[in-house]
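So this first bit is one chain, no partners, the form predicted alone, shown in structure tokens.
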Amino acid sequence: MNIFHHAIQIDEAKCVGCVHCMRVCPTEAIRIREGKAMIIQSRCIDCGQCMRACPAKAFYIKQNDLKMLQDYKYRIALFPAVMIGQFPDKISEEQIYQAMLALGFTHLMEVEQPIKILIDLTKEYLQETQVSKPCISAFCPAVVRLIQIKYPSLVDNIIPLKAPHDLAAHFILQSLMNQGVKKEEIGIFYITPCAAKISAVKSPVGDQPSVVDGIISMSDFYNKVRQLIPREEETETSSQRKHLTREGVLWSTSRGESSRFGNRAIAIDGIHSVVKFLDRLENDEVQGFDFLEMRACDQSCAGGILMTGNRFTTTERLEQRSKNYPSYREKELDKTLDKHKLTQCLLIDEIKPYNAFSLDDDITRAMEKMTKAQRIICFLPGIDCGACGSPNCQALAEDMVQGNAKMSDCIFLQQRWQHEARIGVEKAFLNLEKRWGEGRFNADCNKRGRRNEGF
């Protein structure tokens, strides 16, 4: 069952079956079959860890093309402030904005500009909610999906408010329509720093479809913008940033959210750190916190999988840039906008749990399969080497009861069976080739997958 749109795809021609991706996947969504990586779609949260780890660059992002701009009279680029933070200090905001306009956009919108609305709504929710604390931000779609499929008991802890790019999209849409522009003439394109946000636009949390028309990878976009940077500031573009605030510039960095919501608010970044914390939270080992900011990427969006700049220097530049802007408390939003309508657009209808780790939809059969998997584990070595094409022995046992693997996939069991003369050497070798591909074990000095290759 595929419950989400997925932006991350695998180019099988490039995949060498090196298991780097399988080892780092936080939801055990990757398997190796016939020497190639494959994704269990119902478990994938598009966190991008597989892309980071792949030495063969076999993973890629499915996105929209800039040619779509031609379909609209008014072309809006939505982008987070981390986009600006990638550029070296010698390149000004004005130059970056001018280069983006040169790509064919008519309007530019840093998604954190109307952040005052989101801050006020979040504070209101924290004060009025009856849900047991801590409340978890819905900012990072990879974290939201992680909770939906792996920690369904924590779904009610997620604050039902959409991310800044949704708010910004409705904000600019309402602004233009108030000026008499027809909705069908407006094309909204989100420049994303990560794969999870692509998936969030294509299949958003809740039932309401996104008003964003297209998604563009920030790595590709950055390179195009860099080529068009003018030598000097040619035109004034500050009007396109008139709602930007200090908090908005820092919102996508670590503690960008949590620093706004009291003393008992913490920030956790890096998907594996998030998983460890959620494990403890689900087991009631963490208490006393009111608000959790959880981001899948190290250094938050500055470390997004589609970012080009160094995450640490990007964060530092944003900290310096934020000093040039006032606090959100000092900014008044455009009074011609319907704040109530914008608020309603931010509300998520319902965040549903999806237990992707269940062995069967029928609870009786699921229990039977679980019992069978536990019996199988008794015979497995517990080494978790991944040589079977599954990430660990537990996953192999579950794959077996689902009919997707066999006992002979375990190389250690094969060795034991050969020792006991229960299986021949030729049969054992053919089993390995079936899993890892014909000719995989031939000597070849050009093989990919060496230590740290591709990082």
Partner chain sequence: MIELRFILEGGDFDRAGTASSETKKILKQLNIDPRVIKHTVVALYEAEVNIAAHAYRGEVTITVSDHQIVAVLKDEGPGIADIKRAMLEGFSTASPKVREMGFGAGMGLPNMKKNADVLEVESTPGSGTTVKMIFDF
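Residue numbers count along the first chain shown, from 1. Every value quoted in this text rests on a predicted model; they were computed, and no experiment measured them.
Heads up, the form predicted together with the partner chain isn't pictured, but that's what we're talking about next.
Asker: Considering 160, 230, 204, 152, which brings a non-hydrogen atom within 4.5 Å of the partner chain in the model of the complex?
Answerer: Looking at 160, 230, 204, 152 one by one, just 152 meets the 4.5 Å heavy-atom criterion.
Asker: Using a 4.5 Å cut on heavy atoms, which of 281, 216, 100, 135 is close to the partner chain in the model of the complex?
Answerer: Answer to the contact question: 281.
Asker: Looking at 85 to 93, 300 to 308, 334 to 342, 360 to 368, which stretch has residues with any non-hydrogen atom within 4.5 Å of the partner chain in the model of the complex?
Answerer: Only one stretch passes the 4.5 Å heavy-atom test: 360 to 368.
Asker: Counting only non-hydrogen atoms and a 4.5 Å threshold, tell me whether 285, 355 and 374 all contact the partner chain in the model of the complex.
Answerer: Spot residues vs the partner chain: full contact, yes.
Asker: Look up in the model of the complex whether residue 409 has a non-hydrogen atom within 4.5 angstroms of the partner chain, and give yes or no.
Answerer: Residue 409 lies outside the contact set for the partner chain.
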